[in-house]
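One chain comes next, on its own, written as structure tokens: the form predicted on its own.
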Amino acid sequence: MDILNQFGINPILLAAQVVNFLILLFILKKFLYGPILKLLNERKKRIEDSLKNAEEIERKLLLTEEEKEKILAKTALEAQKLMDETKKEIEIMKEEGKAQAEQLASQIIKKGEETARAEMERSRQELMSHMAEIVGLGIERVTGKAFRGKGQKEVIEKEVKNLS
């Protein structure tokens, strides 16, 4: 013990300091170290859960992307089919339109021909009437007699018909 006294160490104070250190160590462990460890463990667990959730989300995202690609491919295929069907329908409508246009053109041509025939017949009748008058005037001048009335018209028309 003399050695301790020579170095200035008091054994009672040293024992009291050791006891104080152990009490402080117990208090720190109980009230500081324990809650800090508990907090760290909770945080570690939350991080692990977050990582698991992130992996699950990533997996679901990949599945969603695959489904999206399948749906897009299916939609593109359906759109192509729809476009092909539309083109076919357009071609059919064109053919029907051509047929209708040809039929309408045929009807218009037929009506035009009928109208032209009627106009030609009317013009011929007018021409015959004018020719009858001219022939009547010519006969009057040649014969010097007035050749008018019902008889004149019948004779002139008969002669004009003979000419044509």
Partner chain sequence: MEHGIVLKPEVLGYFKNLPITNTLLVSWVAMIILTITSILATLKLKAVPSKLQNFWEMIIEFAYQTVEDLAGSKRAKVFFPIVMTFFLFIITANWMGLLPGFGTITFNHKPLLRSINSDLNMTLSLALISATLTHIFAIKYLGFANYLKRWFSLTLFPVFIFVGFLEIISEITKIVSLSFRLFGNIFAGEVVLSTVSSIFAFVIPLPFYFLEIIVGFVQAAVFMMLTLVFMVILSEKHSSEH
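From a predicted model like this one, the values you see are computed outputs, not experimental measurements. Residue numbers count along the first chain shown, from 1.
The form predicted together with the partner chain exists for this protein as well; it is not shown, and the discussion that follows is about that form.
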With the partner absent here, would 20, 25 and 37 each sit within 4.5 Å of the partner chain in the model of the complex, counting heavy atoms only? yes
Exercise: residue 6 in contact with the partner chain in the model of the complex, heavy atom 4.5 Å: yes
Does the 4.5 Å heavy atom contact test between residue 60 and the partner chain in the model of the complex come out positive? no
Partner contact for residue 32 in the model of the complex: the partner chain, 4.5 angstroms, heavy atom: yes
Check residue 43 for me: does it contact the partner chain in the model of the complex (non-hydrogen atoms, 4.5 angstroms)? yes
In sequence order, which positions of 80-114 have a non-hydrogen atom within 4.5 Å of the partner chain in the model of the complex? none
